[in-house]
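As structure tokens, one chain now follows by itself in the form predicted on its own.
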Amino acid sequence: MIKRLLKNPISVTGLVLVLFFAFIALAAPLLAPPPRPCQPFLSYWVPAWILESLGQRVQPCNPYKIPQDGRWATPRPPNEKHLLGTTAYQYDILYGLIWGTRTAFHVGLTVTLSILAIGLILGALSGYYGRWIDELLMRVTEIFLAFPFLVAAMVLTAILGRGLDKVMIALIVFGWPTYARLVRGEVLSAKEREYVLAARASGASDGRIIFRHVLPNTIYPALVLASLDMGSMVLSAAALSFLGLGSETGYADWGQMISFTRNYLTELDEYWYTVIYPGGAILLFVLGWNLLGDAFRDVLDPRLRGVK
């Protein structure tokens, strides 16, 4: 599979983009050191609870807070002090872009893995057992699918209150139904195949059949969808942040950085850097995952092999 991915120029482009952003996220403390460094330095990469279990004393810090050089409402162009300029209210764009990469991965991975896990479990139970379990789970799924995704997430975020964690909860609540429907269809087909019938005849329990035989052979379409959703979930979170429903003011979030420029959208000839840099980061991040997802689909779907 890896050889096929590396032979496809589209997949290589997507992989390069994703690895580039991954490097930026990992190297953020070195590329853009916070004004107040976290102690110990290892806490930038290792969770605090692990360090504390090893006897390390971790001092609370917030490296995601973008440094603010005054409170002047008008953005400033790139200069020696701020290489990419500042947004309105003087938030450093370069710092926000670098630490915003970590925010993008945090949102994308948390939301995508959560909805993938929920969809796998509910879809497998619905497809394998059928009858009233299938009816109940699918009717609930259809209720969630009836709501427009972004509008529903916006309403729920407004109810829960502002915050990045609230945004992720809203995206998870309305993001799993697509996976459940997809997995259910695959399980309905897989549970009638010979290897499942043989496992059932040998006395294997339902849990063993589902997790050992059914899901490993039906998970690939869901994985492809998850790779595509990594970018779309980050885009949805950025949209909510742009509308003022995301992270707190000054947090390293690409969507919020663009929202600072709402009053200057008619003057982009002068303040272009306030939109181009964070907007370009969102574009390339989403593009990288979409290209990678398309490549995974071509490799994992046997119906597309040999099709150009």
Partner chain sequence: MLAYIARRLLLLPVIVLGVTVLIFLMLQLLSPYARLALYIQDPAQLKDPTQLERLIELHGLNDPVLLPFTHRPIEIPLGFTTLKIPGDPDCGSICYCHCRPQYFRWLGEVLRGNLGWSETDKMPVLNALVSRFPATLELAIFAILPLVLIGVLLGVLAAVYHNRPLDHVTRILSIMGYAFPTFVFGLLMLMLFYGKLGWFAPERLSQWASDIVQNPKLFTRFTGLNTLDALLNGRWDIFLDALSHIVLPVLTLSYVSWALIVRITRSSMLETLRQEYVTVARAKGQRELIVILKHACRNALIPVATISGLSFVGLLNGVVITETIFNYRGLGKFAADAAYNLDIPSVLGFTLFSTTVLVVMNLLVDLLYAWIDPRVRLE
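Rigid core here is just the name for the largest C-alpha set that superposes within 1.5 Å across the two forms. This one's a predicted model, so the numbers in the text were calculated from it and none came from an experiment. Residue numbers count along the first chain shown, from 1.
Absent from the display: the form predicted in complex with the partner chain. The rest refers to it.
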Answer for Val18 alone: is it within 4.5 Å of the partner chain in the model of the complex, judged on heavy atom distances?
no
Quick one: is Phe242 in contact with the partner chain in the model of the complex, heavy atoms, 4.5 Å cut-off?
yes
Does any heavy atom of Tyr128 come within 4.5 Å of a heavy atom of the partner chain in the model of the complex?
no
With the cut-off set at 4.5 Å between non-hydrogen atoms, does Phe144 touch the partner chain in the model of the complex?
yes
Looking at 147-155, 78-86, 98-106, 113-121, which stretch has residues with any non-hydrogen atom within 4.5 Å of the partner chain in the model of the complex?
147-155
Answer option from Leu160, Leu182, Leu94, Leu188, heavy atom within 4.5 Å of the partner chain in the model of the complex:
Leu160
Just one of Met230, Ala238, Val214, Leu171 has a heavy atom within 4.5 Å of the partner chain in the model of the complex. Which one?
Ala238
Going by heavy atoms, what in 178-215 lies within 4.5 angstroms of the partner chain in the model of the complex?
none
Rigid-core frame, C-alpha of Tyr44, shift of 2 angstroms or more between this form and the one not shown:
no
Spell out whether the Cα of Thr266 moves at least 2 Å between this form and the one not shown when the two forms are superposed on their rigid core.
yes
